[in-house]
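Structure 1 and structure 2 below are two forms of the same protein chain, each written out on its own as structure tokens.
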Structure 1
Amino acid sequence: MIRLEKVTVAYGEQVVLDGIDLEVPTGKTMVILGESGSGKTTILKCVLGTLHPVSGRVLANDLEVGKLTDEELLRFRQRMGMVFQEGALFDSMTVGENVAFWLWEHTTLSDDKVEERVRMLLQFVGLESSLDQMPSDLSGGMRRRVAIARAMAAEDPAFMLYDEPTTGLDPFTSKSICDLMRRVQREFKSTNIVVTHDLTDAYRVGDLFTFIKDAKVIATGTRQEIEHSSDPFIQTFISLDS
């Protein structure tokens, strides 16, 4: 479970999130939708613990993220994967090195154990044969698969956070990435938050949907509930994406 309670985030006088409440049940995927700059990615940063709200609190499986010590936060993040927009791979490292990076930095696993886990993760995302390739040799969809493998490197993920995971991909490749995200959720029973502008992809991966406008949550619900919302912003968003 991930829960935000009355969370407010501000940069100076600019309020990015204004007292929002949000709950993602265990094993479900919540998709966050809204205009650019509406605070969607800020939610991910609060859950990850890289940004602390000025008020309110963020809980993950009853742990209050803002009160964790550095050591506790590190252990917490071992169960949390983050897939950044457009993959954000290290261009100077091979695919295998990208996936192994967190393990080298934060564990005492032997090189053999690191390689074993890296191969297992790349096999999971269908890219074991790309172990020694450079990111520049890969297609956009392949880079996103590597990013998902890297996000799962530490341990079987209890939480997965995705920031615009299909941006810039063609419809066929976007669907394949959405299918992979669903597979991660199904096989690891992970609790997930996905930020996206694409309603089609949102429907492919989401169990629940939250719309944010003007730093506030204006609606949360199932697909059916969202589609029957009378809110003009939501109806315009849906009609523009259909």
Structure 2
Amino acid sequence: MIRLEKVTVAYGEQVVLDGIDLEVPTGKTMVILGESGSGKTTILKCVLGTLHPVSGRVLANDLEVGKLTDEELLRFRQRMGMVFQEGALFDSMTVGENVAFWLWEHTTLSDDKVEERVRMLLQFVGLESSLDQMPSDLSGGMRRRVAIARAMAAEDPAFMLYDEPTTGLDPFTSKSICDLMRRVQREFKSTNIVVTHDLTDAYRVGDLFTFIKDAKVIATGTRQEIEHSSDPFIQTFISLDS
């Protein structure tokens, strides 16, 4: 379970999130929709604890993120997978090393075992042939896949966060990434937050949907509830997409 209670975030004078409430039940996927710059990435940063809200609290399985010490935060994040907007792969390492990184850092597995697991993960995302390539030599879609494989390397991630995993990809690649996210959820029974501004992709992966506008949540619920919302912004958003 991930829950945000009255979370407010401001950069200087600019209020980016204004008393946001959000709840993602265990094992479900919450999609956050909203315009560019509406604060979607900021929500993920609060969940990760890389950004501290001015007020309000963030709970992850009854752990209050804001109350954790630096060491506890590092430990807490070990059970968390995050796919960044641009992938954020370590560009001085090969694809294989990127995926192996978590295992090297947090386990004492032998090199053979690590390689075996890395191959398995890369196979899962369909990139086993890119093991020795550098991230800069991959296409955008491939980088996103590697990022997903890297986020999955954490043994049994309890939470998966995706920041616009399909933005800038062609429809085929987008669909395959969405399928991949679905498979990850089934595999790990993880609690997920997916940020996107693409409604088609949102419907593919989401169980629940939240719209953010002007620093507030304007609607949240299942697909039916969202589609029957009377909010003009949501209606425009939906009609623009279809």
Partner chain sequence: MPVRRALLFLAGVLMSVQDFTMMIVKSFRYLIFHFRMRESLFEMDRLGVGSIPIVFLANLFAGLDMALQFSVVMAPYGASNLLGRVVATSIIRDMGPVLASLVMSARVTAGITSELGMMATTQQIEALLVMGVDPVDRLIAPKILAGMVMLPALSVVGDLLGVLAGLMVAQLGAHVPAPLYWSGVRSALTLPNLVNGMLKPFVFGFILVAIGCFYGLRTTGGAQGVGRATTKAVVSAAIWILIANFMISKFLIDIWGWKL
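Numbering for residues begins at 1 and runs along the sequence of structure 1. It should be emphasised that the depicted structure is a prediction, and the values quoted were computed from it without experimental measurement. If you superpose the two forms and keep the largest set of C-alpha atoms that fall within 1.5 Å, you have the rigid core.
A.B. asks: Among the two displayed forms of the chain, which is the form predicted in complex with the partner chain?
C.D. replies: Only structure 2 matches the form predicted in complex with the partner chain.
A.B. asks: Align on the rigid core first; then say whether the Cα of Phe101 has moved by at least 2 Å between structure 1 and structure 2.
C.D. replies: It does, since the Phe101 C-alpha is displaced 2 Å or more between structure 1 and structure 2 after the core fit.
A.B. asks: Answer yes if the CA of Ala158 moves 2 Å or more between structure 1 and structure 2 after aligning the rigid core, and no otherwise.
C.D. replies: No, Ala158 moves less than 2 Å.
A.B. asks: When the rigid core is used for the superposition, does Arg117 move between structure 1 and structure 2 (threshold: C-alpha shift of 2 Å or more)?
C.D. replies: Shift at Arg117: 2 Å or more after core fit.
A.B. asks: After aligning on the rigid core, report the distance the C-alpha of Gly141 travels between structure 1 and structure 2, in angstrom.
C.D. replies: Comparing between structure 1 and structure 2 after core fitting, Gly141 shifts 2.4 Å at its C-alpha.
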